[in-house]
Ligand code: TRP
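Only one chain is included here, represented as structure tokens and corresponding to the form predicted on its own.
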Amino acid sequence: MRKKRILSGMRPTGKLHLGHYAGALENWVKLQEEYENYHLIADYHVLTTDLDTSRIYQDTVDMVIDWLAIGLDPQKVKIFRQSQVKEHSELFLIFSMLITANRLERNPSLKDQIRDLNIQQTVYGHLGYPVLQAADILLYKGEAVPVGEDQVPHVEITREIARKFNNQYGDVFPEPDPLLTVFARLAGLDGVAKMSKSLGNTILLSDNSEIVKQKMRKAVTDPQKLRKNDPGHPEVCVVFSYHKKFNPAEVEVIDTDCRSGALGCVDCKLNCSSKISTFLEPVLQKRSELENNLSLVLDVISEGEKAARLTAGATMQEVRTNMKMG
């Protein structure tokens, strides 16, 4: 039986952190066994909020190293840069004729981004980035898109555009279904926001054990637990949330000992640091191998782009034929 096809990706932001792992990469590694996966390096999408392209190439390489180190298998998935498959731009142009500006302005994710990034003037490309996402997905005839609930509106726009094209020109595109995933949002070390490199509250997938230990010392804990013997409230402690993800076997004991005052924050952090470093150990080893053989990484991207161009070219030939423009 043919596997269903998935398109998912990330903007190239350089080295990734535990939040990326919990929120997407862990799921991608599982999905590669069940689906035919295309993984997009969304370098054009960077331009919607930042025109500085000076680090895009290096950030791309660093991000792909993390993808491979965490377990994405290039024998099972295709990894490629959006900018190197020109059909993305062509299909984006066509799709932009099939949706109104008013519809895009109602996109709740756009409103959230404008608020969070304090954007004063919205550029045309930012308004239309869900249309580019639709082109990204439908160019490969993606049948499922792994998303959290906050991204469902983007998938709905993609479905609307696919429907409009098919009704106007004949069936070419599937209407992809959102593959709802319970993304684990890891709080940052500051405890007030999700992990973000711009906020300096992350543990990177490339951090060694000493760096992890240093960062964990600064992690926010229960503000009411001032001394070791004070009873704690683990449900408000960011370190306890990391234990739940990376040390599930001890969670029950840690919960009990924290509440009773038997466990102090210093020992709790050291234990958590150790478990995170144990998790990262094989990732660091794989990263080191890849960093010392960058040609392998570049080959993975190159081969992925060749495969992506074949698929994208075939789709665009169908599009042009149906539009009587081929």
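Because the structure is a prediction, the values reported are computed rather than measured. One-based numbering along the sequence shown.
The form predicted in complex with the ligand is left out here; the points below concern that form.
Whether Val131 contacts the ligand in the predicted bound form should be assessed with a 4.5 Å heavy atom distance threshold; does it?
Because no heavy atom of Val131 falls inside 4.5 Å of the ligand in the predicted bound form, the answer is no.
Could you tell me if Ile161 has a non-hydrogen atom within 4.5 Å of the ligand in the predicted bound form?
Output for Ile161 is no: heavy atoms all beyond 4.5 Å of the ligand.
Any chance Arg11 has a heavy atom within 4.5 Å of the ligand in the predicted bound form?
So Arg11 counts as contacting the ligand.
Do Ile79 and the ligand come within 4.5 Å of each other in the predicted bound form, heavy atoms counted?
Outside the cut-off, so no.
Which one of these stretches, 57-65, 255-263, 280-288, 37-45, sits within 4.5 Å of the ligand in the predicted bound form when only heavy atoms are counted?
Among the listed stretches, the partner-contacting one is 37-45.
Residues Leu7, Asp136 and Val145 all lining the ligand in the predicted bound form, heavy atom within 4.5 Å:
Each of the three qualifies.
Answer with one of Asn247, Thr122, Ser96, Gln151: the residue that has a non-hydrogen atom within 4.5 Å of the ligand in the predicted bound form.
Checked against the cut-off, the match is Gln151.
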